[in-house]
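Only one chain comes next, encoded as structure tokens, the form predicted alone.
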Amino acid sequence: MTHRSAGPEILRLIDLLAKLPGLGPRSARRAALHLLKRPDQLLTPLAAALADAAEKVVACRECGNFDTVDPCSICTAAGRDDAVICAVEQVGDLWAMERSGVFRGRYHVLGGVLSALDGVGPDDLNLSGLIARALRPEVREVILALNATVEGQTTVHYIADRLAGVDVVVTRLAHGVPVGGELDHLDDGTIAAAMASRR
């Protein structure tokens, strides 16, 4: 789409959509056209939802989750286990854990992982908040649910070192062969992690 074929409002919409993960210029153009073809069913409700989210959604000061209340509904929920904190890289990881329904403790969003190449150091993440929460007397375990990347593992080791003198158990998610996975379809790193984590 050139500047002659669309007005500035449409070009701005396409440019903003193209900034979303997984959408390049071509996908953004398709999404914009789809929205513009159905203004009453899609475009207007989406615009209202975006405005509403921009006005009302905040990051929880306790765990970093996104919600319309602070502290978030997970942090204030009764019946969750205050003794266990699950640290994740991003809010999307927290949402994935919640969808699974397997964890009923508290969360802590780090906001990323340590990466010397990207210039992300300890002060760029919410590590101090995690350490402070781990020092609370009711906390017995910190689960490090970080991705099995080099940066994720570096962050795991950094946090484990920082918590070495604290009276909490530091655990991490197991890595290896997924349920239903076939060995000949797995990469070498996954097979190595599965072998090392065998039980």
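Keep in mind that this is a model prediction, so the values were computed, not measured. The first residue of the sequence shown is number 1, and the count goes up from there.
There is also a form predicted together with another copy of the chain; it is not shown, and the following applies to it.
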* Whether 143, 154 and 168 all lie within 4.5 angstroms of another copy of the chain in the predicted complex by heavy atom -> no
Exactly one of 133, 162, 29, 172 comes within 4.5 Å of another copy of the chain in the predicted complex through a heavy atom, and that residue is 29
Look up in the predicted complex whether residue 44 has a non-hydrogen atom within 4.5 angstroms of another copy of the chain, and give yes or no. yes
- Closest heavy atom of residue 75 to another copy of the chain in the predicted complex, within 4.5 Å or not? no
* Wondering, does residue 34 line up within 4.5 Å of another copy of the chain in the predicted complex on heavy atoms? -> yes
> Would residue 118 count as a contact of another copy of the chain in the predicted complex, using a 4.5 angstroms cut-off between non-hydrogen atoms?
Replying inline: no
Looking in the predicted complex, the residues of 83-102 with a heavy atom no more than 4.5 Å from another copy of the chain, listed in order, are 90, 91, 92, 94, 95, 98, 99, 101
